[in-house]
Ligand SMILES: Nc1ncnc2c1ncn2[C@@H]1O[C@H](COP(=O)(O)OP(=O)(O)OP(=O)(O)O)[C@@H](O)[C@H]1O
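Shown below, as structure tokens, is a lone chain in the form predicted on its own; questions about how it binds or moves come after it.
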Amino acid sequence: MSTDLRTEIIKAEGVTKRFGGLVAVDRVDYSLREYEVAGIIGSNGAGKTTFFNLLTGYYVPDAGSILYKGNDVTRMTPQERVAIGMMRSFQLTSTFDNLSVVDNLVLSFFRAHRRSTLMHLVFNTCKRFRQEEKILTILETFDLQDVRDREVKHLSLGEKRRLEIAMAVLAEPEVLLLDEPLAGLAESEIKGILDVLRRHVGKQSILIVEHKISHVEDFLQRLTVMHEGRIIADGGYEETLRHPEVRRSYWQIDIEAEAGGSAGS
């Protein structure tokens, strides 16, 4: 039983998702707390992406419920969840590749805060609000000043990934949900993304779903491991990785052979 007294922001209770005869997520209980930085890992087919899609409203569970601040959001759409403070990258922050970096940020900010129509924003708002203080700050925070006027289609993958996360952060969500934000990036780009995310620790609850863990070990406060649709371990980083079932299922270490070798040595 958790001794963390922080408020639960997201809570999944007995969540199940089936695709035909495949049970992708199997009676999962999970909670994310206020200002927590948590990660979910698992091998391919573990169910982590399906579970992430359930949390963010892209799938509706076949059983169980999802609460946000104690309110049932199980059947809310992704857009409705964004409106109450949950922001997912990257699907809900898709970029306009023919617009500049700064104009993408302007659109993201005003879509979240001013509720203007998209066409009104494109034709009337961008030029007037490129010097908005929050937009200038986010350009600096995410190290995008040098490419602010570049069309998004000409950005590197790392630059575009920073922009996508910047757009999500600019909407000022209480919960930032990131689906494999480091995939396909070079080591230097990964460092840049993590450096930026560290600045938001304590300001938002952050949940990262990752396939590999080596890059986030010093960033996460809590780690959850999924296997075959279920959570097999949850807790501190080192503690979770030492869990026998994680060693067996995630690392594919033969625990019995290892124990036998130790006994015979």
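Start at 1 with the first residue shown and count on from there. Model, not experiment: these values are computed from the prediction.
The discussion below concerns the form predicted together with the named molecule, not included here.
Proximity of Gly47 to the named molecule in the model of the complex falls within the 4.5 Å heavy atom cutoff. For Ser43, a non-hydrogen atom is located within 4.5 Å of the named molecule in the model of the complex, even though that partner is not displayed. The named molecule is not shown here, and in the model of the complex it never comes within 4.5 Å of any heavy atom of Val246. For Arg27, no non-hydrogen atom is located within 4.5 Å of the named molecule in the model of the complex, even though that partner is not displayed. Not one of Glu13, Tyr237 and Leu241 comes within 4.5 Å of the named molecule in the model of the complex, counting any heavy atom. Contact with the named molecule in the model of the complex, defined as any heavy atom within 4.5 Å, is confined among 49 to 57, 27 to 35, 64 to 72, 213 to 221 to 49 to 57.
Checking Glu174, Glu151, Glu180, Asp143 against the named molecule in the model of the complex, a heavy atom within 4.5 Å turns up for just one residue: Glu180.
Although the named molecule is not shown here, in the model of the complex the stretch 19 to 40 places heavy atoms of Phe19, Leu22, Ala24 within 4.5 Å of it, in sequence order.
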